[in-house]
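Below, in structure tokens: the form predicted on its own, a single chain.
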Amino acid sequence: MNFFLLPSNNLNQLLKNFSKGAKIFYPFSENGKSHIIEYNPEHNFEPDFSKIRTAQNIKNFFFPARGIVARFPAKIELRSNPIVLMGVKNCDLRGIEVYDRVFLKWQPVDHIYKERRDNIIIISADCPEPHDTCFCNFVGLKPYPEGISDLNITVVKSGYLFEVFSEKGQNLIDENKGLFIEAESESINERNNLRKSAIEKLENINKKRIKEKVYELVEKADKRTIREARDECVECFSCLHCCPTCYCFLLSDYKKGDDIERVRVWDACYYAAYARVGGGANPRSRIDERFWNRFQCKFNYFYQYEKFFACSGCGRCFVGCSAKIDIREILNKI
């Protein structure tokens, strides 16, 4: 393991150094919630790395809600600005893991996503105080990262304990070596105890685990089960737009001046027209079918492809749901 300790009074200088070459975004607490805001060296820097994931997910940094992906006859220029994302929780890293599979591993490679991904440095943070809405352990995750990000922060009494996960992360440490000191075993032991406590809290929140071979149960669910599961859904679509792992999109062409632009926008499988094809046929014309497609996608299809669930247990879907539909309850019942 590769640990470094940043004394608390060196954090501001570290951020100033980062900001010379990149925009920085970090979690900021307001009215009991954590939000992503941009770092401004002229303003007070008061990050909150201890709260659970931010209210909004980080999907837009990698996969914008709307973006031009092609232009004809002119070409688009693949150029994104360097960004440092700080305080990202493990549940949001699952979203990055899903996007990396979909846009980089699956063919063809999405070069627009790759450009953005290569220009974003991710500094994750432990999640020591999970809420009742959190269920990362239900889907097999832990309340702290073990990879995907470039660096990870654990807030300890003596400062910020950094763990290096990638070459990009090591380069950042090397470029700011004078701000760090050697991490002693006392800080690492403190981190281990904080993590143990976070896991115990999650164990109390989610006493059950997702069922073995849940993908088979989702596949075989009958119409009555599906109807009961979606009965209170009012189709507000909040669960899909706040999800850090949803990756569906829609392409449309528009004329702009002498050019034609191809625009990519987020799509959502609850939309009535989601599965509509040429001629007007729609294999998922009923909300029951669209509702269950979300479960099929996250807990059956994606698992069959990649052997992990396209669900992070972040709990945003439950928090945002108008009817407070809980994925955990549905999966426990089938």
Partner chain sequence: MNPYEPILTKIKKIIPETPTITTFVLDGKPIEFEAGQFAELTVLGVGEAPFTPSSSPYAKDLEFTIMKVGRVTQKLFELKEGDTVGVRGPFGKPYPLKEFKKKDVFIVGGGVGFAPLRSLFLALVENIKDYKKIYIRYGARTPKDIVYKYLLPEWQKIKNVDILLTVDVGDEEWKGRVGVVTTILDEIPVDIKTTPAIVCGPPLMMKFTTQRLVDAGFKDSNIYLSMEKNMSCGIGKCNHCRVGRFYVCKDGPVLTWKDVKDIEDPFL
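Residue numbers count along the first chain shown, from 1. Worth saying up front: this structure is predicted, and the values here are computed from it rather than measured.
What comes next is about the form predicted in complex with its partner chain, which is not displayed.
**Student:** Using 4.5 Å between non-hydrogen atoms, is residue 112 touching its partner chain in the predicted complex?
**Tutor:** Close contact exists here: in the predicted complex, residue 112 approaches its partner chain to within 4.5 Å, heavy atoms only.
**Student:** Are any of the heavy atoms in residue 278 no more than 4.5 Å from a heavy atom of its partner chain in the predicted complex?
**Tutor:** It does: once its partner chain is placed as it appears in the predicted complex, residue 278 has a heavy atom within 4.5 Å of it.
**Student:** Should residue 108 be classed as touching its partner chain in the predicted complex when contacts are defined as heavy atoms within 4.5 Å?
**Tutor:** Output for residue 108 is yes: heavy atoms within 4.5 Å of its partner chain.
**Student:** Report yes if any heavy atom of residue 41 sits within 4.5 Å of a heavy atom of its partner chain in the predicted complex; otherwise report no.
**Tutor:** Contact with its partner chain, no.
**Student:** Name the single residue among 179, 155, 260, 233 that comes within 4.5 Å of its partner chain in the predicted complex, judging by heavy atoms.
**Tutor:** Contact with its partner chain in the predicted complex is made by 260 alone.
**Student:** May I ask you to choose, among 76, 173, 240, 217, the residue with a heavy atom within 4.5 Å of its partner chain in the predicted complex?
**Tutor:** It is 76.
**Student:** Its partner chain in the predicted complex: within 4.5 Å of a heavy atom of each of 103, 223 and 282?
**Tutor:** Checking in the predicted complex: 103, 223 and 282 are all within 4.5 Å of its partner chain.
**Student:** So if I measure heavy atom distances to its partner chain in the predicted complex, which of the stretches 243 to 251, 156 to 164, 197 to 205, 130 to 138 falls within 4.5 Å?
**Tutor:** It is the stretch 243 to 251.
**Student:** Note that its partner chain is not shown here; using its position in the predicted complex, name the residues of 300 to 325 with a heavy atom within 4.5 Å of it, in sequence order.
**Tutor:** Heavy-atom contacts to its partner chain in the predicted complex: 301, 305.
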